[in-house]
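One chain is shown next in structure tokens, namely the form predicted alone.
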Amino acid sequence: MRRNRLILAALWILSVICISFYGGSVSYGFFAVVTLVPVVSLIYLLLVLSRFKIYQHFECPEIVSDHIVPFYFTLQNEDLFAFSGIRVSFYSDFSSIEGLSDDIEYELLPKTKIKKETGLICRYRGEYLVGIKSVTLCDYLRLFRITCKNREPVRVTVNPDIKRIDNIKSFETDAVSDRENEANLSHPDVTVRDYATGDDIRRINWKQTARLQKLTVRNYIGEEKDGIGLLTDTERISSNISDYLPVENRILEISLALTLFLKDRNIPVYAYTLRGEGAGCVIDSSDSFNSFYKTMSSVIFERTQDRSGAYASFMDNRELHSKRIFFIITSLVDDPVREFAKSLNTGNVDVVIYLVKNIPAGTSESDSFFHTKLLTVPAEGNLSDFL
């Protein structure tokens, strides 16, 4: 393009020289043509800019991160003159288009259209713009180029992906499973007590209930701790979407992966979020996991006005201190998190903290304080490598 402009400028200077030294109709005609060429090219470009149409749509009603969604876009020319030099640029920060690049240039003949069928992959859970970001137009002589933003951008809401893991390196799953089996509802050697509001209905001893004509529940001897606790910290770490989106996506992936792994091994999980969405829900079946997934898909991350107060309310909740192990998934390990972990440790609850950070995908760090294990997990990379 720069070369063409230099050539045109040289021709225009030559035409001025011809007029100055020779005159005549040929010189003036040459000058008029060279002068009008860029004007006509610019008018043509502005006309194309105002007339061409672009359409895009998806076929999938719900988009899940890291899953390919059918994506279609159409460039259309409804006029009697051709459109040249059209390039389409796509949003690429958080999504990608399969098989297409920004370098492809299209030309539309009169009354024609170009339809592309491809796939869209959204990398993170959240809400952001995808698809066509801008269109670049160029005239036939390559003198001018105009880039305009897509007048009808597409904003999508992406749900988190469910990552399956084969093991949890941070604690002995088999030991927990064994203890859960000991507390199975079919265990014969347990004492009973009267049913109290809030007792798990799975602990009702139906034989004793029928014999005594009142509800009774099994009162287990020895191991009193029940299930595993999981807290998803929904604190937003930054106002920059490029900083917080990968971190929030990974936090939800960890919460879902741990919950699914434990549910599949018949270990109930008691899930909490910092702001109470689905507070204390028990995940012990496919239905309860599906409900938990919907909750986590719509959970909102934002700055907390009183972060210390939010964690203090968990410290006062004695139910949380009855768990065998407690997972905390967070992007910030500060004093409220440490104090909460310490209070759980005091109640003989082991704590594992997954700290999600924007660090290189191959990086992994670990630390410990009190009776708490702290594992740093990168926002990118294979989740199984870090859990």
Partner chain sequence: MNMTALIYDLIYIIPVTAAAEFCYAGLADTQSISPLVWAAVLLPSVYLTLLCHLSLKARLMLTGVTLAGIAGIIIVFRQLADHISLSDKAYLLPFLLISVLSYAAGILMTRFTSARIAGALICLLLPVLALFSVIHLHKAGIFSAMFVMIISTADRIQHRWKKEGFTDRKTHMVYTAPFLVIIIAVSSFIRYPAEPYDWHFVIALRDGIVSAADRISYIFGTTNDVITGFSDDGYLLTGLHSTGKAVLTLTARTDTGSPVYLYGNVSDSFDGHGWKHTDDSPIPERTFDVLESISSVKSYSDLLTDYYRESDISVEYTDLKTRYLLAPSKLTSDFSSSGKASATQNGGNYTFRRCNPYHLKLNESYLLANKDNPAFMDYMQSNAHPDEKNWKEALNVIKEDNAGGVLSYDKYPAYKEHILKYYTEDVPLSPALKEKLELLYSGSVSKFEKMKRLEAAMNQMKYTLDPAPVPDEINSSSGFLDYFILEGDGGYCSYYATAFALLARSEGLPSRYVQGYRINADRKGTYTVTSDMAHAWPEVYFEGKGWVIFEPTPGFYSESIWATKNEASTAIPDSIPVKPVFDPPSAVPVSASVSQDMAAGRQVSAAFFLIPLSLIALFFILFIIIGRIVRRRIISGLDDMSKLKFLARDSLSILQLLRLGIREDETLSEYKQRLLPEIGEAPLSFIPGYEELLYSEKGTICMTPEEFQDCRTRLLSLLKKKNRFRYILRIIL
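The shown structure was predicted, so the numbers you read here are calculated from the model rather than taken from an experiment. Between two forms, the rigid core is defined as the largest C-alpha subset superposing within 1.5 Å. Numbering follows the first chain given and starts at 1.
Keep in mind the form predicted together with its partner chain is missing from the figure; the text below concerns it.
> Since the chain is shown here on its own, which stretch among 305-313, 107-115, 247-255, 282-290 would lie within 4.5 Å of its partner chain in the model of the complex, judged by heavy atoms?
The contacting stretch here is 107-115.
> Check Leu332 for me: does it contact its partner chain in the model of the complex (non-hydrogen atoms, 4.5 angstroms)?
Close contact is absent here: in the model of the complex, Leu332 is far from its partner chain, nothing within 4.5 Å, heavy atoms only.
> Residue-level contact is defined here as any heavy atom of the residue lying within 4.5 Å of its partner chain in the model of the complex; does Gln56 satisfy this criterion?
Contact with its partner chain, no.
> Is the gap between Tyr140 and its partner chain in the model of the complex 4.5 Å or less for some heavy atom pair?
Yes - in the model of the complex, heavy atoms of Tyr140 and its partner chain come within 4.5 Å of each other.
> Quick check on Val33: any heavy atom within 4.5 Å of its partner chain in the model of the complex?
Contact check for Val33: yes, within 4.5 Å of its partner chain in the model of the complex.
> Taking 4.5 Å between heavy atoms as the contact cutoff, choose which of Ile68, Val37, Leu49, Cys60 touches its partner chain in the model of the complex.
Residue within 4.5 Å of the partner: Val37.
> Heavy atoms within 4.5 Å of its partner chain in the model of the complex is the criterion; list the residues of 78-92 that meet it.
Contacts from 78-92: Leu80, Phe81, Ala82, Ser84, Gly85.
> Core aligned, does the CA of Thr376 move at least 2 Å between the shown form and the other one?
After core superposition, the C-alpha of Thr376 moves less than 2 Å between the shown form and the other one.
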